[in-house]
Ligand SMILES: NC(=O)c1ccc[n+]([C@@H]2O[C@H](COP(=O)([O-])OP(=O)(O)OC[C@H]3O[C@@H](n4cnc5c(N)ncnc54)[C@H](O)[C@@H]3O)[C@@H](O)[C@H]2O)c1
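Coming up is one lone chain in structure tokens, specifically the form predicted alone.
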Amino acid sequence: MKLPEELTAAAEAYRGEVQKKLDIGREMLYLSQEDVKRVPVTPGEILDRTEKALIAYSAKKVDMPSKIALHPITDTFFHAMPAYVPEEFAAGVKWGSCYPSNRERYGVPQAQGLIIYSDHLSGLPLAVLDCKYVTEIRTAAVTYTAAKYLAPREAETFGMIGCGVEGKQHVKNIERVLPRLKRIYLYDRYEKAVDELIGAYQTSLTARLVKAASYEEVAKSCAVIASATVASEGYHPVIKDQWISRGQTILLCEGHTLYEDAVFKRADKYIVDSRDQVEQFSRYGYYPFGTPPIHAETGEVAAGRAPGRERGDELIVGNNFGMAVEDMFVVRLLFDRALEHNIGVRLPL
């Protein structure tokens, strides 16, 4: 994917605006996690940018090879995730990891990593920033996008499986896309995580937060179920096919880890963020029983090129594993705002 000739002048103009605030080639901007969190962006802007990223990817307007993975220890990974978005003048790579035992072993979160954001006209680095918060907000926004098109708008119940940092982000703004929610069921193997989520967000949400006792309670109680857990190696499902009913919407961030394979195979619509990445991750063993026929990509549904939910009795599964193009759309916004508000530290090259 190359920069279209008709965008060359605009790309040079954008680089010139950046150059006024950052001496490209002699310095770069460093944004810590706290810096990234201080950048003034709204949840609506993140949702809009993420939805546009999904649409651009499915319309083949970006250059994004499937992410590649390393697995140094059982149930851990490093992901290398490059992407280039010509129309956004945005290019970069995320190097992220997930080590679920980090908190117990070292007292740090399981997800870590950095993003390198570059000038696409010269190849020079513009910024290095923490990727954890970027990943949190754009991953939740992918689930929101999927919910907009795949879940019934009149849904009154939502379930969140996994109530850590990512689970909190999912719950925080879910009422933006499911405005009629009355109850949000929460489950995590670590009870403290559920208590912390309820304490953090109950007063800011209209729906009542319910502490579920089991995976089964969430599965049987909710019209829409999201999950943000660990993409473990091997096949160890904890949610049984018999607990899942027609009409439900299941939104995944970790592949086929949690559910029995029969759930996916009987879905009326099986939707993924990227066909290519599903194929890639199948080779890594994440789908030991294969994947169902893919109805569409999330971006195709969001763009109106493929139907989302058409009937109330459809069982729909959305499998969104995460893509670098989402990071680049969000990072472009964060980078511009950080320069505008003089956030971050300039480091010499």
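Sequential numbering from 1, following the sequence displayed. None of the values given here were measured: they were computed from a predicted structure.
Not on display, but discussed next: the form predicted together with the ligand.
- Of the candidate stretches 188-196, 242-250, 203-211, 148-156, only 188-196 has residues with heavy atoms within 4.5 Å of the ligand in the model of the complex.
- None of 124, 116, 165, 262 but one reaches within 4.5 angstroms of the ligand in the model of the complex through a heavy atom, and that residue is 165.
- Proximity to the ligand in the model of the complex, taken as a non-hydrogen atom within 4.5 angstroms, holds for one residue of 218, 258, 271, 91, which is 258.
- Taking the partner from the other structure, the ligand in the model of the complex has no heavy atom within 4.5 Å of any heavy atom of residue 308.
- Proximity of residue 254 to the ligand in the model of the complex falls within the 4.5 Å heavy atom cutoff.
- Not displayed here, the ligand is approached by residue 231 to within 4.5 Å at the level of heavy atoms in the model of the complex.
- Shown alone here, residue 173 lies farther than 4.5 Å from the ligand in the model of the complex, counting heavy atoms only.
- Contact with the ligand in the model of the complex, defined as a heavy atom within 4.5 Å, is made by all three of 111, 138 and 161.
- Annotation for 90-110: interface residues with the ligand in the model of the complex are 98, 103, 110 [heavy atom within 4.5 Å].
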